[in-house]
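There is one chain below, alone, in structure tokens, taken in the form predicted on its own.
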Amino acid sequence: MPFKEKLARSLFFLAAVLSAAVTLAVLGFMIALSLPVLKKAALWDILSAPWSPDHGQFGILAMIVGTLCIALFSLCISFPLSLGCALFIEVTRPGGPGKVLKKIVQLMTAIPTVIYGFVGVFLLVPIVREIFVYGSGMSILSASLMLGLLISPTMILFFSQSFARVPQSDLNAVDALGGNTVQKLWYVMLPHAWRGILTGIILSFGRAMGDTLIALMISGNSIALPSSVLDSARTLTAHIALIIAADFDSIEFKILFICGITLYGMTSCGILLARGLDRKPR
């Protein structure tokens, strides 16, 4: 093996080991700083109780529910939009219009999250408030709509890449048999691309759970359990951002490490699932 190739492999291996070590170190850091809280209260009590510091309750159930509601609802909103755009780019209009749309989507990935937040506060929230005439407009629905727009570029690019990997010989066979675009999509493209589509969904869901600014600016940050999509909610990331200024020795501050571990576990499950699907034999 040439020296340059050995050197490159060694550097890549060291980079992978360093990345894994840093990730595990962050997890270990959060676990170590959360131990004083876990000695005083059971983990299940923290995960299932409400957040009411005045009454000595420091549960994060409302934040977990808010995180899952906003992330899942944003995924339901962005999935059909992303799938349609990917089909437009790779199937129906792969030429000029599709290339233009793909360039626009790639540019959207570079827009800072805070810009989406400002657009949501000054444009989307008033629209939601006027249409439904309920509350302030800062709700699960508003946050999910804007978060769905944020994660759509990631899903579109994943879906487009999956469709582009379909063997051209199979597509030519459908054309030779007189199949139309719908039959080509249903019987050839989706069976080949479903793995990449599912991976894009899982990774986008992880990004939706990990976003901070949109949830912080638009969701309303209510610590009560939501009963509808028009209610306000608080996510784990927004809760961490809001409580981070508390006293380091206080229970409120140390509970944040439990929030971090919970969020770490939720996103890690999604990533491991995506990796497992990618390695599974076809």
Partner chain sequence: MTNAFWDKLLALFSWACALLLVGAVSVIIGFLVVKGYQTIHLELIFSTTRPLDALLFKQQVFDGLFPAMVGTLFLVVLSMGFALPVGLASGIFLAEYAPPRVKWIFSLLFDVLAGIPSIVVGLFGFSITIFLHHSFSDRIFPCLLISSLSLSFLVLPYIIRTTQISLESLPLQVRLTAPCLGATKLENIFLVLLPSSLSGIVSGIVLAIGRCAEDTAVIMLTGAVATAGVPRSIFSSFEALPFYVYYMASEYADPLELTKGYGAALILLILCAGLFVVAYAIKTRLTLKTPYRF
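Bear in mind that the values here come from a model prediction, so they are computed numbers and not experimental data. Positions refer to the first chain, counted from 1.
There is another form of the same protein, the form predicted in complex with its partner chain; it is not shown, and what comes next is about it.
Q: Would V182 sit within 4.5 Å of its partner chain in the predicted bound form, counting heavy atoms only?
A: Within the cut-off, so yes.
Q: Taking heavy atoms and a 4.5 Å cut-off, does Q161 contact its partner chain in the predicted bound form?
A: Output for Q161 is no: heavy atoms all beyond 4.5 Å of its partner chain.
Q: Any chance F248 has a heavy atom within 4.5 Å of its partner chain in the predicted bound form?
A: Yes - in the predicted bound form, heavy atoms of F248 and its partner chain come within 4.5 Å of each other.
Q: So, in the predicted bound form, is F29 in contact with its partner chain at a 4.5 angstroms heavy atom limit?
A: F29: yes, in contact with its partner chain in the predicted bound form.
Q: Please name which of the stretches 105-113, 163-171, 68-76, 190-198 has residues with heavy atoms lying within 4.5 Å of its partner chain in the predicted bound form.
A: It is 105-113 that comes within 4.5 Å of the partner.
Q: Are all three residues A15, T92 and R275 in contact with its partner chain in the predicted bound form, where contact means a non-hydrogen atom within 4.5 Å?
A: Looking in the predicted bound form, the three residues A15, T92 and R275 all sit within 4.5 Å of its partner chain (heavy atoms).
Q: Just give me the residues of 149-170, first to last, that have a heavy atom within 4.5 Å of its partner chain in the predicted bound form.
A: Residues within 4.5 Å: L149, S152, I156.
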